[in-house]
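This text opens with one protein chain seen in two forms, each one given by itself as structure tokens under the names structure 1 and structure 2.
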Structure 1
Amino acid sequence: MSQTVDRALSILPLLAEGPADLGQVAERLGVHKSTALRLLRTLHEHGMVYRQSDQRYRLGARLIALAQEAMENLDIREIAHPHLVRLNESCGHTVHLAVYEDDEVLYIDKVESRYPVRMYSRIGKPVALTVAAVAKLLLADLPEAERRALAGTLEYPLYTARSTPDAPAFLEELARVREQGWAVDLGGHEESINCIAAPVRGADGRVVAAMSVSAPNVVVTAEELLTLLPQLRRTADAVSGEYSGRTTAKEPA
């Protein structure tokens, strides 16, 4: 791989933490100031970083524009979005859409809860693989070999007492999820937050995305949340149908 590009790209996550000046960037990269300057200049010319009035650098607009374009190209998102909105209107809770990519599961869309108490999440943010309901669905659909290999390399942080403890337990959970066609996370990531998820499938039956409904204990109990499962599954199935071309969003009048 390319050293120069590697260094340049390493600057971006660094700046994502907050603005930094030339010296800080150079130090954290472990290179000379002049080197850092040239990298930053190149990034600047491409609009990836932006120089604010105090001369410090922060991430630039082009990055945001590119990301927006990237998301627009995810057609699953486009199709699913109105369904997420409708689901949120009906139940009021936070609704997420997630996909699997390069050993990560990421939220690619989200409709905020209409309750004042909300869970924190961010579009684009990698999800806790071993506990999140959407992650279980997406990973459960991987080929057997890949699934076992991945389970072996993962870490199993004990966010709470109910977090998945180790690889065998995880593989067992994935098998159950695969079997039943939906998944839950009952306080496995944050003690007080529960989550149910259902798969969106492509024409070939492969799981292409997962959608979920999340709510804190203080708003609804786990049992109450589970009563939403049929509605969630119907919504996910509707998205699946549309994505695989079997049905359309609105029948032509």
Structure 2
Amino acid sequence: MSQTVDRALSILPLLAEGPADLGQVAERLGVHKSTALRLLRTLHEHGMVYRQSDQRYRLGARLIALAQEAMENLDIREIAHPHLVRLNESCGHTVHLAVYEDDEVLYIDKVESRYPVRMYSRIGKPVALTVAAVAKLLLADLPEAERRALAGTLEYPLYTARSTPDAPAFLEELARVREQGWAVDLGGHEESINCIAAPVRGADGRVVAAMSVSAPNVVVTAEELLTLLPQLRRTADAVSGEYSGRTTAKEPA
């Protein structure tokens, strides 16, 4: 990368911290003010930075619009799928990816278990909002007022004795999930099926998807499944890093 491009790009994270004047930019870059001014003018011409009335510079609307457009065009399923496959190969159990859209939590990807007993879930199928681990993670990330309003509109079918019985219990569970950063469904939807879930987060820290590992009791106990939680969380964190741009995908060996 040329020195000029490198210096210009170095200005952007500086201004992301807040507006800065010409002297501050020059000092941070370690260049003369004339050089800093030339770089700022070029960025300004392209809408990457904006000069305020107090002569300080801030990030420009064009840059923000490009970032938003890039985020909207990211395919979380495409990014996550190789990670789901590797997790499945490691643990052997069913792995799901789910998102919250139009008041439903939907599976958008699935890698089947290697064991003969298979999950009935399928891509595009909505999950049970009040019990599914992925739903708890996605709904726990909603603003409090929205969580409370949603909880008041839901029905609470008792699929099993471990199902969430009512809105107060559901809100208590979402608060716990929000605090600990992961969720479980231990026989809440089906007595014989257990599930653990971890969040995939965007650059702003909000939960954009939930990744889960599910298995029937005949294959693995709930306690044994919970031992996979650190591995699941590391996988979800890796997807988060790639999705948010903090890390890049590793090249295959």
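Each form is matched to the other, and the largest set of C-alpha atoms that superpose within 1.5 Å is called the rigid core. Predicted, not measured: the structure shown is a model, and the values here were computed from it. Just so we're on the same page, residue numbers count up from 1 along structure 1's sequence.
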Original post:
Is the form predicted on its own structure 1 or structure 2?
Top reply: 2
Original post:
V184: with the rigid core matched between the two structures, does its Cα shift 2 Å or more?
Top reply: no
**OP:** Align both forms on the core first, then report whether Q231 has a C-alpha shift of 2 Å or more between the two structures.
**Re:** no
**OP:** Just grab the Cα shift of V31 between the two structures for me, core aligned, in angstrom.
**Re:** 75.9
